[in-house]
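The chain below stands alone, shown as structure tokens; this is the form predicted on its own.
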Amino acid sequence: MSDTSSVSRPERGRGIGTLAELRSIVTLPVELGMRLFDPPMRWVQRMIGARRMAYVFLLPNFVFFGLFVFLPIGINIVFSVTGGTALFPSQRPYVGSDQFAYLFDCGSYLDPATCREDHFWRAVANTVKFVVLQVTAMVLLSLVTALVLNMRIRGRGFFRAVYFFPVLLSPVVVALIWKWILQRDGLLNAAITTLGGQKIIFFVDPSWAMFWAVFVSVWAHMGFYTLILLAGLQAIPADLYEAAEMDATPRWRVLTHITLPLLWPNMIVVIVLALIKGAQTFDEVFVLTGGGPGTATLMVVQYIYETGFSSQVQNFGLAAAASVVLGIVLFVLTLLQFAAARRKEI
């Protein structure tokens, strides 16, 4: 017995010593970094005062946003008011609002064929159609899914993870997966022919192409909005449901008079976020359909990309003007989101 204890104690002590050595090795770079940064940070604090130190820590974010957000926006505005095919702004002649006038030169904005730049207005019409269908389906399905996942069902945690999993995938990966499923010799057509049906060429029919573009987008992003609504449902006090149950209130009245009114702030956030995401959709639809057939699924962001980069004659000014128009629309939607968030806080 004594031999066993005499052997185990040194081994235990050696193990503790090894862990301490590993911990010291791991934390050594952090300690060295802190010692190096401590003197200059103390000097800065003495120079500007403790209250202004917050600006020092925010400075890297300001620099990042300045270089990669505000500076590109300024360059884009410069390109939108200049013409020519030169890349450098100094070599581009000033044309004022000519690019915007060219975009908005239409006989009827409801008929893209009457517009001078008909591709832009076809892209606008497709984007509006896509946003209406996608946001409607997204909100309804997310609401139903959140209501089901908020119930006491078996495997609730598993289903919550399953519905959120597509959000973690890259949009390009999502589009490639569904393109493989929906192609002529894909998985879906294989199932159809097995059941005795005929193959459907989904990406040749404009209606099918738009349907699958909306479907794939909803499938990929529904989990995120479901999570927002689920958080709102769990924030509703349980006492209200208990009081309604004691009064024998029908479920549909509980849904319409308790759940939906209290969930409305979260619904507004979901609607606005879905509108912003839908208006700037590009990667999924571009990989899935390429904007086809023809221009049936051409979106505004794809039009900007093709006009400025992938066409034979790269019209940077026209693409920049179209992006400015889209940016104004997104800015308005963002203001709506802020107003919805402020209303939720109130």
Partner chain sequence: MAELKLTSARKSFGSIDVLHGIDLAVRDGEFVVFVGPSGCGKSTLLRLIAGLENVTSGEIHIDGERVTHLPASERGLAMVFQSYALYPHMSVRKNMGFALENMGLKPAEIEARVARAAAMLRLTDYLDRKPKALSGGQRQRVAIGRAIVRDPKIFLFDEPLSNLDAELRVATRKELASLHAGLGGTMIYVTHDQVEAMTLADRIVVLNAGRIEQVGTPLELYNRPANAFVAGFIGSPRMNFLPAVVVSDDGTLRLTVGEVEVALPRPASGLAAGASVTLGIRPEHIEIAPGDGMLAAKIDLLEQLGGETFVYATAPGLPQITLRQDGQSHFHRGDAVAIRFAPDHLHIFDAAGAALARP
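Because the structure is a prediction, the values reported are computed rather than measured. Numbering follows the first chain given and starts at 1.
The discussion below concerns the form predicted in complex with its partner chain, not included here.
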Point to revise | Touches its partner chain in the predicted complex: residue 71 (any heavy atom, 4.5 Å) | key: no
Check your understanding: According to a 4.5 angstroms non-hydrogen atom cut-off, is residue 133 in contact with its partner chain in the predicted complex?
Key -> no
Exercise for review: Answer yes if any heavy atom of residue 184 is within 4.5 Å of a heavy atom of its partner chain in the predicted complex; otherwise answer no.
Suggested key: no
Check your understanding: Just to confirm, residue 89 within 4.5 Å of its partner chain in the predicted complex by heavy atoms?
Key -> no
Revision key, fill the gap. Exactly one listed stretch (245-253, 207-215, 123-131, 269-277) reaches within 4.5 angstroms of its partner chain in the predicted complex by non-hydrogen atoms, and it is 245-253
Check your understanding: Pick from 262, 141, 81, 172: which residue has any heavy atom within 4.5 angstroms of its partner chain in the predicted complex?
Key -> 262
Exercise for review: Find the only residue in 106, 167, 200, 240 having a heavy atom within 4.5 Å of its partner chain in the predicted complex.
Suggested key: 240
